[in-house]
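Next come structure tokens for two forms of one protein chain, structure 1 first, structure 2 second.
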Structure 1
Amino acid sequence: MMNTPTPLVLIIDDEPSIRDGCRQALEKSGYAVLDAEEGDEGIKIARDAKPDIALIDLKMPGISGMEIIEILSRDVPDMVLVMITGYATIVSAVEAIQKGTYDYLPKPFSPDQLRAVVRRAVEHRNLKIETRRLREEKERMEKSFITFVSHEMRSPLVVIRQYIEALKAVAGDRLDRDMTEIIERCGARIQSLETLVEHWLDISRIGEGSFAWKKEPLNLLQLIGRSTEEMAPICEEKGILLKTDLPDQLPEIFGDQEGLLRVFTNIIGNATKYTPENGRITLTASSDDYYVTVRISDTGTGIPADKLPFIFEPFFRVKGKEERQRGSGLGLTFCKRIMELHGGEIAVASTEGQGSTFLLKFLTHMRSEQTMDHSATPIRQF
């Protein structure tokens, strides 16, 4: 049992014998008791003293028990309400519970019945408060974890990479090939850990609503151009043909240039990991009045049908543990969140052994002005 102060019980009942009876029974069991003979007085006492429990007679002259229940469950939300009634019908019990009472006590009742109900009500209250405290704690931790990760995890990674740079500068000419390779590999692993932290932070920020993004009119052809330009060297290095087959014009879309660029480079980058030499990655686009659709197809290994539904999940890997750790495991999750932030969609189709196609669907500028401003996604701009 938690070490709590004496629970305070308020009795609102117009019958003096009930008030006195309850008071005696409860005080004997160690409760503190307040009472009121009618509703308005009871509400005033409840607002001032904030008792733990209120026992409320349903049928009183003046303001009715139902009304009291409604007012108190709104004004003193932590207080647990128990109704007392001489006319315990199912209908009134259901109504009272819908309005926020926890339990009911039919008249006549014995002191033992009263104490049992009040004891349960106190336990319920403690749980309610504990639950809320934990939920607040969880929200606080989630928030501060973002800050924690960005400062406390990133700075040591930065320093380790700086040491690696220093080591190369100080001893570079004295290191043999194996040593150099060890250092390079350490650097690469640190860097992928940094990428993971970055991706994770971005995803958390999107979820929390603090991801900084600009809404501006964008030309997707230009964005696709930038992304293929950025990805061309890696495709060339891997002997993969990166080509585009695009219309001369596409309707403007509305969104964040850098965020969407990362969506494109992420998906193309992914494709390069699963497409063999001499393979092909192709970007095509089409549009109607409402949507611009971009397809990014590869001739790679493809994704098994049973794995397809999960590929946007954080840290999901198509080949499970056997798969070499090739990326942060958060790239596609990031893409999905960014697309959702824009009111767009991302989808994938794949045939094992033949390749995969990622489909990005954007609202056109006109369309997105209508929908995005009313969307529930919290949008903060910096």
Structure 2
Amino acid sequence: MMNTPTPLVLIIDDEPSIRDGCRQALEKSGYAVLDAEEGDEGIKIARDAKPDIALIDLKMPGISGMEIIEILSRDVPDMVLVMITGYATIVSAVEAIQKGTYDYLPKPFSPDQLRAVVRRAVEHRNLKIETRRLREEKERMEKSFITFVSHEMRSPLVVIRQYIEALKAVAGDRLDRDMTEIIERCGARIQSLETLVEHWLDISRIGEGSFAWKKEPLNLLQLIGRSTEEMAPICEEKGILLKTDLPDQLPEIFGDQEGLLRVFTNIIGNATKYTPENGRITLTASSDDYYVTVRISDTGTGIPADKLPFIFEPFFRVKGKEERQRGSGLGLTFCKRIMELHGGEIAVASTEGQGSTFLLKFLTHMRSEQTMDHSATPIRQF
């Protein structure tokens, strides 16, 4: 049976009675304890010993508790910080939490109160470490899957598609209608798989910083025009009205034309899957000195409120009765990553049964250049 390591607690307080009392209470409960009476000494011990928990007095001579908290939260990020003070106020507690503390313990406190706070801090640290481990494991799995997709799926799909095209060419008119329809369905399925693979690889390239994209001034009205022209035949075939209500002019934006065109066609295409016949998809736009906002609204089935937080996650799909075909579950993830790559944002508002509105927010050309070249403040939230 594996032994659990003894949690190490550091006490930084200029009062000997506090340090001694904390040490006795914690050691009786099985904790290992270090202590320091000055801030500089405590910081050195924390950097060297890397304790699990640090109890830090707010008011001390020399370097203050707030300064210690700020330094240790940066230098020893796995350590959980707890503020102990006889001057606890809402303001000081909020400031301490903003600087990196997990909890605070007002003086005077009993041994039971001390042990309870430390116990919660240890549990919190374990959860932090486990969360990081799971996140790292998820990243490793994603990279392994990307490698698998790149080497084990891409080439066979290309070969299968080529065989299907060759079969169609060789057979010509000799196949009956049913056989021709089967081959067409196979071709469509292969195309869907190839699209899924390309979407996933593009998403991974964006994350790695290797996605090839051009940074150039763009006319957003022309971009919207291209996307609606491309999607118009699909909407017409499904009996959906695709309309635009746009101003005569919009400020230029800065970015990659083909990447953003895919964003617009993905969102419009997604809307066609959930919008019934005689429904409507509408594109509108507005701007100010800093931002251009495009809204893509539909009169479809909408998205359940409990599903909204997840729709930009990879492979997440909202299943609806009006959906006519399966998607990859990666289209909206790709849209979000592309918008982030451009320093913009994507959000959605939806009411189930009444439709959805996707909001695309772009920095204007001038603001975009400042952000990309000078690390300006990120775009504000919707």
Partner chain sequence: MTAKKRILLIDDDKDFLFATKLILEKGGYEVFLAEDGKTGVEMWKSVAPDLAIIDMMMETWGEGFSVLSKIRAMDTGKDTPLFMLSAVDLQGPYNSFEPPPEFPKVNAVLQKPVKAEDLLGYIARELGGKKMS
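Basically, rigid core = biggest C-alpha set you can superpose within 1.5 Å across the two forms. If you're wondering where the values come from, they're calculated on a predicted model, not measured in any experiment. For numbering, take structure 1's sequence and count from 1.
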- Message: Quick check on the two chains I just loaded: which one is the form predicted alone, 1 or 2?
- Response: 2
- Rigid-core frame, C-alpha of K128, shift of 2 angstroms or more between structures 1 and 2: yes
- Any chance the CA of E252 moves 2 angstroms or more between structures 1 and 2, core superposed? no
- Message: Quick check on E345: with the core superposed, does its CA move 2 angstroms or more between structures 1 and 2?
- Response: no
